[in-house]
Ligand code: AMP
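Just the one chain here, the form predicted alone, laid out as structure tokens.
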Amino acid sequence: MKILLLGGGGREHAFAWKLAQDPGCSQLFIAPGNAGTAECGANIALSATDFPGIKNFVLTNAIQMVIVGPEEPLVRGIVDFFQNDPELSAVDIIGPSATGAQLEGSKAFAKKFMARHDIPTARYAEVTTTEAGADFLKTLKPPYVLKADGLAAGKGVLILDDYNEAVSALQTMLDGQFGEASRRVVIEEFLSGIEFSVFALTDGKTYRILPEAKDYKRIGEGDTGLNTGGMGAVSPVPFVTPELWQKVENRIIRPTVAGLSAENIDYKGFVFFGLINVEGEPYVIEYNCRMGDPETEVVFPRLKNHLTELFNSLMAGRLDVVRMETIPETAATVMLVADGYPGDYRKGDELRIVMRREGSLYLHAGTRNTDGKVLTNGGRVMAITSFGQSVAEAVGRSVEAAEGVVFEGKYFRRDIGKDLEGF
């Protein structure tokens, strides 16, 4: 099967690495890809949101399946674009319709969906004026959670301890701090607990659950400093007991898929459940309409199933007969980032692996090839994943591998998973 993979980050390198080993994938193209994906297939100089360009490439190269990695093309309606075009409608595309992608594209849509289907989540209000928001904030205890309704490149969530600061921040958001994404703001009750991520592949009626993960958002060790797109991840998650798993499936995954079916929402792809464990009870913090990053970098290495097997079953409506198989060992990812990230960061520095650790997986996130050299090209530069019999062992091996990667201003956290030692 000839496959086109859209995207160019660490998640997409994990997809490409997995597909490169897949007997069902005869030829792989990645648009736009990065220096790492170029080792798995052919990078194509196309934006993931250039729908006419993608159409031309698909038709010219007889592509049979398109896999959409990032959220933006999904929210913009690339699945609908394919389905509504007679020349493209026979091409399999992995991802939800624009309506389904609103689970990530609109926090307000997601909250209303959860309310309709009795899915546990934090109490909230959707506001478009500072006055309404200030009134709702008075009903909450600090800290206060403010979320831009739309996509804001992972930067649209603020958590503030002071009421007056929260009101001021709300005004700034509504005034366009995150563009149109924050013209509407969702204010949430703060939930205290420990977060984790669960992933399901669904055809909108049936589903299969992938390995869970826990990622680490803060830039600094000890979970301090600014939020990032993710500084590392581990899988499996020690505190996710069989009892908690059962609650997640019964109270969250099953009613979510049933809700998609009941509302006739076309959804053939991944659902990312951002969850929080509050004293043994799971709540939904957010939905994403695709796989996570850096979680994919620990989930896919543990997955024994070939992706083409899963996707062919998905498109044929046969997911319910698929048996998911996973590697039991722990996988841990450490993310190498550029100096200055998550603020203004360096680009264009040469990256070299001066000592490669056998058994570790080097997944490029923000890199490019120029004149035969690998250069940094993003805030998150490379994800390194290793296996171990414990979280500490797996993280230690990834940290060891990270020491052998060289570029100016390299930074990474050495304490990924340390908070899980007591479980």
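Counting begins at 1, following the sequence as shown. Quick caveat: nothing in here was measured; it's all calculated off a predicted structure.
The same protein also has a form predicted in complex with this ligand, omitted here; what follows describes it.
Scanning 163, 81, 190, 239 against this ligand in the predicted bound form with a 4.5 Å heavy atom cut-off leaves one residue, 190.
Only one of 88, 122, 248, 127 comes within 4.5 Å of this ligand in the predicted bound form through a heavy atom, and that residue is 122. Screening 280-288, 319-327, 248-256, 339-347 for residues having heavy atoms within 4.5 Å of this ligand in the predicted bound form returns a single hit, 280-288. Residue 217 belongs to the set of residues with a heavy atom inside 4.5 Å of this ligand in the predicted bound form. In the predicted bound form, this ligand lies within 4.5 Å of some heavy atom of residue 157. This ligand is not drawn, but in the predicted bound form it has a heavy atom within 4.5 Å of residue 145. At a distance threshold of 4.5 angstroms between non-hydrogen atoms, residue 195 is in contact with this ligand in the predicted bound form.
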